[in-house]
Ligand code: GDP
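Consider the single chain below, provided in structure tokens and representing the form predicted alone.
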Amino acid sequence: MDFPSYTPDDTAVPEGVVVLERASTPQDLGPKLNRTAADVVRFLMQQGEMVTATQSLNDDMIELFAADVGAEIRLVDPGEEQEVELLKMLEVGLLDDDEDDDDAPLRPPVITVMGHVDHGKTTLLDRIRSANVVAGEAGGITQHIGAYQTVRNDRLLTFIDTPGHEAFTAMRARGADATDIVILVVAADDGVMPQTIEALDHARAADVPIVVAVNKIDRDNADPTRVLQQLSERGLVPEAWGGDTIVVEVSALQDLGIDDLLDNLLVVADLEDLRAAPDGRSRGVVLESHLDVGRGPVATVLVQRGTLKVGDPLVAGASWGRVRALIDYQGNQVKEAGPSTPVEVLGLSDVAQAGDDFIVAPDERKASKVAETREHWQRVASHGRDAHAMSGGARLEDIFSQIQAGEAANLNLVVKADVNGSLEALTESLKKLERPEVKLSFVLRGVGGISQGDIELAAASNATIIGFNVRPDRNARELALAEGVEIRSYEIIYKALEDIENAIIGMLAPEYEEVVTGDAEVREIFRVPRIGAIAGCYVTNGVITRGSKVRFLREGTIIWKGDITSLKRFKDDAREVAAGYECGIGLSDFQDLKPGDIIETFEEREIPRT
């Protein structure tokens, strides 16, 4: 359809904030702002965006048009407005935090361990719960969030282990939001590092007390005082220095200071007066989820209110089911779990999303209705977000030709992982690898092995499959070979990010910078038969080299660019002439020479892409 050029319309837009769904089409967007679809299309065409009336628009396009017509808008995910009605169906108020827990029983504190990679967080937890979970981990990285409980002075403490590598920023943030106290682990020999600061920011954003564990004090080069100074500079002033931050020196490896750390955690918990009602329908947060071959979807949840029981109808995001079994942190089946208790839940219909809230519903019918409605709107939102990005997508091997042609390229990916936390972290990390020339589109993100359906989807959308701790079966491998689908499998997230980043950098068209190598001032002009004008010059700076690229400047203005075709010292050919010497310069096809002109030589050097 051809549209005439866009001219602003002075028709009034709706008053107040207009709620618009993300991925709206011009047909959806126009009427809500008292405009037509044609108005939207014409405007976007003038902005260089070629769209149709039925094409999903990204956030920038919607906001740009709204700003042009003077409308105040709020973008929401499809189905977000319906969430209010869903919560009403579950008979759960939107202001649960207003519930009066002052008279409720005390509950165990939920403690999150944070810090820089390799500063000893997992070893510290290993020492606390006396269970070795370090040795078997690929690359020494804690790949999944784990939740554990330990006893000190006949009191329970719940620990959430958040991995330290920057790839797990999203998981670390989620851990802070579900916690009462943060242990910030800092190595005494290494000091405060970038991820230490990042973890500190998350803890402060969650507005929870912070206890600092200065680890590895047994090292010869340990310097706890330097650590305290670095922490003080960031607002964590130790009690010993007149501040209010509890600092405990420990060695997880040598079992030093662990009891002191636990005692201090109990003191902080007492000051916080942590309480929760154990009665009523339970709710909490999903910490982790994965698909188990024998047991089906498994979700690790943290109960925050009420008591979760076997047989309860549960809804977690777009997943639902009747709780078939509850398994505690020691692997034992239990019948119920009270506040601050982490348990594995079996019986859900699908793999829940890590970070989803879970709620016990009045009955299975309402649980299934809520989950199905959420799934529908999530699917609509995902389709809308990806529809625009996937157009023109390419696989790794195809994408370089698009960039060479001067086009912005889309790299389509199918990402599969063993658990939801890894999937979320890997996806967020991959998004950070985007460049202006290369955009990443996630055709599918899922938990579980790489199936034939994944291969077919990747083939249809020209996508590359990234597998993290998952493998394709024989049938999927054969289909991938037949369809020419590339599968990249990884067990360590560093390697996955490194490979994809190197692939993207390798795809990018090289960038060059011009480096001035020499300047020469034209003093005289010589006319040579059959050759033309030769500039008699004095080299004022750098080195003039035969064959160099050259800019010809007159009163500071570039009037010609080309190459040096000849360079002489007196009558002899010269390869280069340095500053302070005279020379004769012949230019490739430029004869308009005047005394006082400047010949500036330069070379183009490739800038490494980072």
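Computed from a prediction, not measured in an experiment: that's the story for all the values here. Don't overthink the numbering: it's just position in the shown sequence, from 1.
What comes next is about the form predicted together with the named molecule, which does not appear here.
- Heavy atoms within 4.5 Å of the named molecule in the predicted bound form belong, among the stretches 354-362, 424-432, 246-254, 516-524, to residues of 246-254.
- Residue contact with the named molecule in the predicted bound form: T123 places a heavy atom within 4.5 Å of it.
- R74 falls outside the set of residues with a heavy atom inside 4.5 Å of the named molecule in the predicted bound form.
- Taking non-hydrogen atoms only, R234 never approaches the named molecule to within 4.5 angstroms in the predicted bound form.
- Of the heavy atoms in D218, some are within 4.5 Å of the named molecule in the predicted bound form.
- Among the residues V334, L266, V117, L440, the one placing a heavy atom within 4.5 Å of the named molecule in the predicted bound form is V117.
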